[in-house]
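Next up: just one chain, as structure tokens, the form predicted on its own.
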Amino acid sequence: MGWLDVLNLLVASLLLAGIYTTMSFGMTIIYGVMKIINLAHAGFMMLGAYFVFELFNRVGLNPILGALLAFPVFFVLGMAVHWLLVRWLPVSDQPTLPSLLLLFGLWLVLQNIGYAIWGNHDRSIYTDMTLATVKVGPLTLSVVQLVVFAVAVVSLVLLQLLLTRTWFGRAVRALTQNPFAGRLVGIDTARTARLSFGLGIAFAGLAGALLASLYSFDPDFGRPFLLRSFVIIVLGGLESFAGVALGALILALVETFSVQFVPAGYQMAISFSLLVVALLVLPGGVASLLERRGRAT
């Protein structure tokens, strides 16, 4: 493998890490504030993909613009789901069986709604951008991958600004770090949880909409990406946003480089092997390792 091949793989890993980070942040926000593992994340990603598919087919809206529109739509949908279902769950500082069962059931409902409406055929979105490429030095890059990466990066920058420059962001970070202290200083936990759940679902819808421009999809579309999200947040640390970005980069690097040595069909096995190693060797994720090193210095 020459240096140009290695450079190509590194760039491909970076582009993949951007979309992986976007799809995993939604789960991290919800877990951090509510200590709920959102198993329905896959269902909302699937709906995000079909959302842009329908807009593209019916009104001819560009799928990237459709993805941007998906964010506020799924934010409202997420808050509605929280108001209807999630707010009745018992409050706990650990994931509970009722929350797992409720969101697993919701995922199955969404998946079956998808089969009822769109059937089990693979769908894809084909535009002028789909096969377009651009030369950057010695590299040939896919235009749609670059655009999807750019949208993912901008959304993550805006999230970072939201978390660091607004009262809601400070409330989210306070509840993520210490929910008892957050309540003691007067944070409205119910309102913060509702907005956080809406934000998490918005990121799921956005990620699904962006992934629809890269891959074909069916109603089971979100499952492999949900499993990858688990790997990423365990690698990065369940409550660390910076750790999630690092975990996404690690998974993208492993998946991209492993294709050179292992058939692509074994990618999920490689991802799960990485998950097992992380759980055994680094149960707190990369974030805990960085935190320990920071304290040591």
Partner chain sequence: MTAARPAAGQALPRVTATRDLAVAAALTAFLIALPLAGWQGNLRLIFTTLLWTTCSIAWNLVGGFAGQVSFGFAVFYGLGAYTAAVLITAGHVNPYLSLAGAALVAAAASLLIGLPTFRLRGPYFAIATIGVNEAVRVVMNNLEALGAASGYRVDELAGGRRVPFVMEHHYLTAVVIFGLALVVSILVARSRFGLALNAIRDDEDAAADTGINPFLHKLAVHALAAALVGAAGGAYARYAAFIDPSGVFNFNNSVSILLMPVIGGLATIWGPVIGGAVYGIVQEELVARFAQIHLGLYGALLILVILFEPGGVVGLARRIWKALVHRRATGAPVQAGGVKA
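Numbering follows the first chain given and starts at 1. Computed from a predicted model, the values in this text were never measured in an experiment.
FYI, the form predicted in complex with its partner chain isn't displayed, but the following is about it.
Listed residues Thr127, Thr96, Thr189, Ser142 were compared with its partner chain in the predicted complex; Thr96 is the one with a heavy atom within 4.5 Å. Between its partner chain and the residues Thr133, Ser216, Asn120, Thr164, the one pair within 4.5 Å by heavy atoms in the predicted complex involves Asn120. Proximity of Pro72 to its partner chain in the predicted complex falls outside the 4.5 Å heavy atom cutoff. Interface residue remark: Asn112 is counted as part of the site for its partner chain in the predicted complex, having a heavy atom within 4.5 Å.
In the predicted complex, Pro90 approaches its partner chain with a heavy atom inside 4.5 Å. Residue contact with its partner chain in the predicted complex: Ala181 places no heavy atom within 4.5 Å of it. For the three residues Tyr50, Val153 and Leu156, a heavy atom within 4.5 Å of its partner chain turns up in the predicted complex in no case. Between 267-275, 249-257, 64-72, 42-50, the stretch whose residues reach within 4.5 angstroms of its partner chain in the predicted complex through a non-hydrogen atom is 267-275. Of all the residues from 101-125, those having a non-hydrogen atom no more than 4.5 Å from its partner chain in the predicted complex are Leu101, Leu102, Phe104, Gly105, Leu106, Trp107, Leu108, Val109, Asn112, Tyr115, Asn120.
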